[in-house]
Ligand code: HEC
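Single chain ahead, written as structure tokens, the form predicted on its own.
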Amino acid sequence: MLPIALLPERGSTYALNVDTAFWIIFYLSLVFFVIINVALIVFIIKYRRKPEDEEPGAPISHNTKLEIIWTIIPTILLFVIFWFGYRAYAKVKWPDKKPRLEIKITARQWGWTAEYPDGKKIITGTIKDNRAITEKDFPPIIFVPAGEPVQLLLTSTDVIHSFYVPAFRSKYDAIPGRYTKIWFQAKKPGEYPVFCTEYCGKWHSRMPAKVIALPPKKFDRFINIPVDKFNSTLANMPLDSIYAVLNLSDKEFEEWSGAQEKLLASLTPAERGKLLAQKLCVSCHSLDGSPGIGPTWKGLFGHEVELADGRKVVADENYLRESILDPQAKVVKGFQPVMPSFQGQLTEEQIMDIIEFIKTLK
């Protein structure tokens, strides 16, 4: 029972292989730790120098039998560790069968972006306060089918991050300027926390996310949600709202699709921009004038902004658009150039919606 208590539930098909290698190394290390330290204590007590021991003892050269034993046994144990370690590595590295789909994961300071082959996108933000993180703070980053292999294509926009799903025993670095791959197959439906395990700056520990493994039928429903409807509505909604859509009957789903079109059409650009901003932007940019990682949005539009290089520009539509797509081009004085680019992550319509929302913050 002890090993199970120390590690999270095995949620992937290769978690057992990884755990087997881990526990073999753990127990071998524990056994030899005890043997060596017990022997050390015995030798310290038994062979300590006594007051009458003024002459050195007889010289000891070697013991051939003992030396053979302590060479052969560790060699055998090293081959055992190598074998179980290689088996685990092979399982993690090479899928048992071709993955059903490949999802691109882009890391940034401090959050994740997932993009599906059909264009669906999910973006997580950052928790920038000192309260304890609870399970409710883990937003979904990817939805995957339980019982089927899925491959992730990892990269980063700034520094090295690491995508880690403890229950799957899956961990791989997301490196700027290159792609790395990792795969997994969730054994059963459920919600599995995701962490960054490569120190990436101030809010490294505050970028939680969650992998949602869905039953096959519900995942098919997820895949069949139109891209524009998902990106404009569901991607910005709580997980319970997504579950509600996935649990609809076929007839209800058709009605929901029509209702979403009407709802989207009824919102003003500023209202749509507010939904996007609440998910993507407010963790760094305040709306009330209070200081943050980035400049506040209150009273920003139409006013003069002083840049780090001493220039002054007016925060108009072109400035705001450029700041979203190329944030390093004009860095505001007093702030660090830490904002990631949203190039390719937002449509022109979504960028204009955010700008329209900023205009309302007088």
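Keep in mind the model is a prediction, meaning the values are calculated, not measured. All residue numbers refer to positions in the sequence shown, first residue = 1.
FYI, the form predicted together with this ligand isn't displayed, but the following is about it.
Trainee: Wondering, does Tyr14 line up within 4.5 Å of this ligand in the predicted bound form on heavy atoms?
Mentor: Taking the distances in the predicted bound form, the answer for Tyr14 is no, it never comes within 4.5 Å of this ligand.
Trainee: Please tell me whether any heavy atom belonging to Thr233 falls inside 4.5 Å of a heavy atom of this ligand, as the geometry stands in the predicted bound form.
Mentor: Thr233 lies outside the contact set for this ligand.
Trainee: Considering only heavy atoms, tell me if Ser29 and this ligand come within 4.5 Å of each other in the predicted bound form.
Mentor: Flag for Ser29 set to no.
Trainee: Considering only heavy atoms, tell me if Val338 and this ligand come within 4.5 Å of each other in the predicted bound form.
Mentor: Yes, Val338 lies within 4.5 Å of this ligand in the predicted bound form.
Trainee: Within 4.5 Å of this ligand in the predicted bound form, counting heavy atoms only, one of 171-179, 280-288, 219-227, 186-194 shows up; tell me which.
Mentor: Among the listed stretches, the partner-contacting one is 280-288.
Trainee: Just give me the residues of 99-119, first to last, that have a heavy atom within 4.5 Å of this ligand in the predicted bound form.
Mentor: In sequence order, Gln109, Trp110 come within 4.5 Å of the partner.
Trainee: Closer or farther: how do the CA atoms of Lys274 and Lys202 lie in the predicted bound form, compared with the form shown, if the change is at least 3 Å?
Mentor: Compared with the shown chain, Lys274-Lys202 is closer in the predicted bound form.
Trainee: Look at the CA atoms of Gln109 and Gln278: state whether they lie closer or farther apart in the predicted bound form than in this form, given a difference of 3 Å or more.
Mentor: So the answer is closer.
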